[in-house]
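Before any questions on binding or motion, here is one chain by itself as structure tokens, the form predicted on its own.
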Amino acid sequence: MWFPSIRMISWMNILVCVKQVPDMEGRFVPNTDESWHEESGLAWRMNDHDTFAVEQALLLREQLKGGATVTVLSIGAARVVETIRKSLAMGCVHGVHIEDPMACERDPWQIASMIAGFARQRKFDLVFTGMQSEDRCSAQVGVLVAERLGYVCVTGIIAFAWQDAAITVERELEGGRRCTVRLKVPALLTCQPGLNTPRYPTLPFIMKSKRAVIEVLLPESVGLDEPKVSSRGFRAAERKAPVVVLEGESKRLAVEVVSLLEQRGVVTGRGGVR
């Protein structure tokens, strides 16, 4: 446990970072550079882990009886505005879009540089992110943002409580063990499924979100660092051979197994192993 210096908070400034990801049921094919997948023809939605981050920020705002503002931030092409508006429809107050058509090609260090640059300008007390994204699954962006901001960070939280200006969280460790951590703001928390039950947007909030003005920024205005790593050789998963299920008496099955192994070149006609 670690307790940074206490500072009185009369109003909490909360940031939630969300990512728009392709539906995992889509058909993924490499782009021409084989650096990532081709985006055309895919359906897009909010990253599942991020929905828990949005919900926890809103629950805290409700606990503080409106004594907080929740800003949702997303980085990406113009289409991510849809995900920002969904967050606003859930109850977030402000929406910010860092418009970067190349976001899908950025490494975690670059994404973190933009988030941290924006957060540093606005002086957020608490930052929520998903534990990882469903497409890259690096689980690096949250901790890198915390490091760049100098915030204490707890990853993969599955329980959250706010009392007496202190945060108590629970995280799951290897082997099913759990760890309780108590900390003060400023802090960054990455959230995973099981933390809460994300709400469905209500009709009044949906209508309000459609009229909301979303702040648009460019990567250069918040700070974009050079990449640390790059992706190459993106390829579709190799298709596995179909499974053959054999049934019947053991003697006949033994003959069929040997025949199949011979056809596939695993054994020779005399039973020898290649």
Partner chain sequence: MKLLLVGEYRDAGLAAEVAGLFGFARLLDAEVSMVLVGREADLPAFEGRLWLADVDTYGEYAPDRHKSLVLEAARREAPDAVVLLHSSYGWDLAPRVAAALNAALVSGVTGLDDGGYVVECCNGKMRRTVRPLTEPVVLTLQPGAFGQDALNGSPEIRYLEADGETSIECLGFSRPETGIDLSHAVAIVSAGRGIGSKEHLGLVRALADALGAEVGASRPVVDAGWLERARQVGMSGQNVSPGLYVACGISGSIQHLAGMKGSGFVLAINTDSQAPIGNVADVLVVADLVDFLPLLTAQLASRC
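Residue numbers count along the first chain shown, from 1. Just so it is clear, the model here is predicted, and its values are computed rather than measured. Here the rigid core means the biggest group of C-alpha atoms that line up within 1.5 Å when the two forms are laid on top of each other.
Heads up, the form predicted in complex with its partner chain isn't pictured, but that's what we're talking about next.
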- request: Choose one stretch from 114-122, 185-193, 95-103, 79-87: the one whose residues place a heavy atom within 4.5 angstroms of its partner chain in the model of the complex.
  value: 185-193
query: Within a 4.5 Å heavy atom cut-off, is E238 in contact with its partner chain in the model of the complex?
result: yes
- prompt: Do V229 and its partner chain share at least one heavy atom pair within 4.5 Å in the model of the complex?
  reply: yes
field: Touches its partner chain in the model of the complex: V213 (any heavy atom, 4.5 Å)
entry: no
- prompt: Is there a heavy atom of K65 no more than 4.5 Å from a heavy atom of its partner chain in the model of the complex?
  reply: no
message: Using a 4.5 Å heavy atom cutoff, which residues in 115-143 contact its partner chain in the model of the complex? It's fine if the answer is none.
response: M131, Q132, E134, D135, R136, C137, S138, A139, Q140, V143
message: Using a rigid core superposition, assess whether M24 undergoes a CA shift of 2 Å or more between the shown form and the other one.
response: no
field: Per-residue C-alpha change between the shown form and the other one, D33, threshold 2 Å, rigid core fit
entry: no
query: Once everything's superposed on the core, is E247 shifted 2 Å or more at the Cα between the shown form and the other one?
result: yes
